[in-house]
Every structure is written in C-alpha cells, then in structure tokens.
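This document opens with one chain alone, in structure tokens, the form predicted alone.
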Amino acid sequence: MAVMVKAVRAAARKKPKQERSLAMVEALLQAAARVFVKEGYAKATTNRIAAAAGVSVGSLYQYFPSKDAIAVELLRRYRDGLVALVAARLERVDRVSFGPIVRDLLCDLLQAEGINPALHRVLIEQVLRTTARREMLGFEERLEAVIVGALRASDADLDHELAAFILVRVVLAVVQSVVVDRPKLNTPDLVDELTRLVVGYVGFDVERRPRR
C-alpha cells in the first residue's frame, strides 16, 4: 500500500516591504526561534509564536501560513548566510591555503556558525527531513558554484563540477546526521576526518592536527 505524505504549507505568503512590516517579520522570526528551542516544535503553535513576538496571530498569517513556513524562512536565512560565508572564505583560496580553509569551514558548519545549534537541529528535523525541503531548492547548487570556483583557483586536477557535486552532498549529509542523530560525534576529531576526506579527495596533502 502506498504511503501518502502530507504536504506542509511552507511557502511564505507575501514579502514585507515597509519598515514596519519588516520589523514585524523580524520579530516573528526571532520569537519563533526562541519558541522552537524552548518549547519544542510540536508545541510551537502560531498562537504562541505571535504572542512571543507581541503581535496578533492575524498579523502573523499575513506573512506566514503556518509555523512550517516560518521554519523554512529561518533555515533559508541561515543558508543564505552560509553561502556568503563559504564564498568569502574561498575568495582567495589557492593550493596551499585550501586545507586550512576547508578545516575552518567544516568547523563552522559543525558548530552551526550563525545559528543556535539547538535551533539548527530543529530546522534540519522539521524542514530538511520533511516535504518542506522542496522550498529550499537551489541551496546545494549555489554552494557547488562556489566550490567549483575554489577548485579551479586551486588548480585541482579533477572534474570540478562533478567533484563539487559530490563534496557538497557528502559534507552536508554528514553534518546533518551528526547534528541530529549523533551529536556526541561532533568533535575536533570529526573535523579532522572530514578535512582529510575533502582535501584527500581533491588530491592535496592534509596537514594533521596533533592529537591531545
């Protein structure tokens, strides 16, 4: 028997334009982040989010049809910042600096740089592991474009586009699994192993971090 997967209402209704509307949406997003972490996603109703933001639930529904849509927007903003961070770090990469920069980026990813780690876990569970993830299309491709540029700048001897596709998917899968399923493995040793995986796959030497 086929299993029916219920689609979630995850697309934002309209974009705020006026300063007051922008401020309201920011308040809603910040309130939702607090409620998701403090009360858990299941208990985080739109009424509770609106109350925490100090606005009416009707005002919330002007911009978001559901809490799923708010979660998608929170994750979208985090991922936009992540693409910008990766692009900035890799802007002047070369063969020598490739390994150290990769290590720093992986550390940022695993420590959820720019987002509350508990919120990051909620968003992975409630967006990336549900039908709401279709609202996030394009993120991996943007990262791939950045990685392709870095591989070219580093003169890596491999198919840049294929390598970028593989690296982005592998690293994101590991990061998401560790954050949600095996947080105890989120250690400097994991950063080391992922660095070896990425840098070794590209064909460069990996500088080992002394073990304590």
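Numbering starts at 1 and runs along the sequence shown. Being a predicted model, the structure only gives us computed values, none of them experimental. We call the rigid core the largest set of C-alpha positions that still match within 1.5 Å between the two forms.
Below, we refer to the form predicted in complex with a further copy of the same chain, which is not included among the displayed structures.
From the list 98-106, 116-124, 85-93, 69-77, the contact stretch for a further copy of the same chain in the model of the complex under a 4.5 Å heavy atom rule is 116-124.
Distance criterion of 4.5 Å from any heavy atom to a further copy of the same chain in the model of the complex singles out 178 from the list 148, 29, 55, 178. In the model of the complex, no heavy atom of residue 48 sits within 4.5 Å of a further copy of the same chain.
Shown alone here, residue 136 lies farther than 4.5 Å from a further copy of the same chain in the model of the complex, counting heavy atoms only.
At the 4.5 Å threshold, heavy atoms of residue 174 reach a further copy of the same chain in the model of the complex. Remark: residue 24 does not count among the residues lining a further copy of the same chain in the model of the complex, judged by a heavy atom distance of 4.5 Å or less. In the model of the complex, the residues of 151-180 lying within 4.5 Å of a further copy of the same chain by at least one heavy atom are, in order, 156, 157, 158, 159, 160, 162, 165, 166, 169, 170, 173, 174, 177, 178. Once both forms are fitted on their rigid core, the CA atom of residue 123 lies 2 Å or more apart between this form and the one not shown. For residue 95, the Cα coordinates differ by under 2 angstroms between this form and the one not shown after the core has been superposed.
In the core-superposed comparison between this form and the one not shown, the C-alpha atom of residue 187 has shifted by less than 2 angstroms.
A shift of at least 3 angstroms brings the Cα atoms of residue 172 and residue 37 nearer to each other in the model of the complex than in the displayed structure. Relative to this conformation, an increase of 3 Å or more in the Cα-Cα distance between residue 191 and residue 126 is found in the model of the complex.
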